[in-house]
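In the form predicted on its own, a lone chain appears below as structure tokens.
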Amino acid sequence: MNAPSSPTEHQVLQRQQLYQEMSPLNLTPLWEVLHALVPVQPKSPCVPAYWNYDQVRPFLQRAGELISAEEAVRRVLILENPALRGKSAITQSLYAGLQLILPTEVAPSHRHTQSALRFIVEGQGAYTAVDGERTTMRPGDFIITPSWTWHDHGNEVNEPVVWLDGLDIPMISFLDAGFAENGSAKSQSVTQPEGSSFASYGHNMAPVRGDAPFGQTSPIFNYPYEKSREALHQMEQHTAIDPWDGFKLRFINPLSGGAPMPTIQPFMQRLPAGFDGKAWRQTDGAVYSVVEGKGSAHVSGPEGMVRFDFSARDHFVVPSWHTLQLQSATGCVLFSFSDRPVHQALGIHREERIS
């Protein structure tokens, strides 16, 4: 097939005149932007980024000295992608931030359309409450706040507690579907004993009667790290290692077997000592929180290759269609989350494992 001929100077001028004259009618020629709209492969504006917890923590402490949880509503330092500064986003579809709650504080009750996860990074004994049930926070726990549910957080212990917030804020904003409402009291009334949701749904069983209490979101709102870590241990003992992921599990909604949240899929993985993983990439950008141990992430994209040497409590992001290779000399555990459920629902998810 012959390549199209270049336009003459006269044709270029005529086209420019056409564009100028139709612009007041809010018309734009597709042929001028087609390649940007329909790229050969994903070209994310996001870049890989890394946050060292030892560097971030002093700023959390200072924020705790300068503003109360009640005044801030949520005292959070947003992990902004360096290429998306000012947009409160870590990828184009996901938000992430580190939230601090100090002893005796309460982050007041509210609800919103956006779905949220909490992954506990430091401290234990604080609580989060969802629709009348409280759960105690412990490091490594993965906790869900379903869309449009009342929730508040409190700290009744003598140490600060920090967790990673992950939300679908940019996605909901893109869809113009965000609503929020503040509660009439700082803390909601507790109407169920702690552990009620896990007792009903956390043992591969479910009540005979009654619909899913949170729609498409998992009825379990605290997945304890103790159980997640044991599942990884059993997998490591009884299954072959995956050359790309080590030992990796996805959290599920026990009622459907699908993702525990309609827009976010969380994972937990173990890299054993001496792991030197193969490279792979996926269309869903992923946010990582280091739970235990040390390792390194090699991330390659259009901007080149970067290496993140990570330790416990550090965080990093791998944008869409960037190649990731994980290594760990001493072994480590990683929590991560991505927008994979949306990709899968739309039938556009793609993954490439590089041999």
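One rule holds for the numbers: they count along the sequence shown, beginning at 1. Since the structure is predicted, the reported quantities are computational estimates derived from the model, not experimental observations.
Not pictured, yet referred to below: the form predicted together with a small molecule.
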Contacting member of 122, 165, 245, 105, with respect to the small molecule in the model of the complex [4.5 Å, heavy atom]: 165
Exactly one of 255, 279, 76, 157 comes within 4.5 Å of the small molecule in the model of the complex through a heavy atom, and that residue is 76
On the criterion of a non-hydrogen atom at 4.5 angstroms or closer, are 320, 337 and 340 all touching the small molecule in the model of the complex? no
In the model of the complex, which of 109-117, 265-273, 192-200, 84-92 comes within 4.5 Å of the small molecule (heavy atoms)? 109-117
Within 4.5 Å, heavy atoms only: does residue 100 come near the small molecule in the model of the complex? no
Non-hydrogen atom contact residue 169 with the small molecule in the model of the complex at 4.5 angstroms: yes
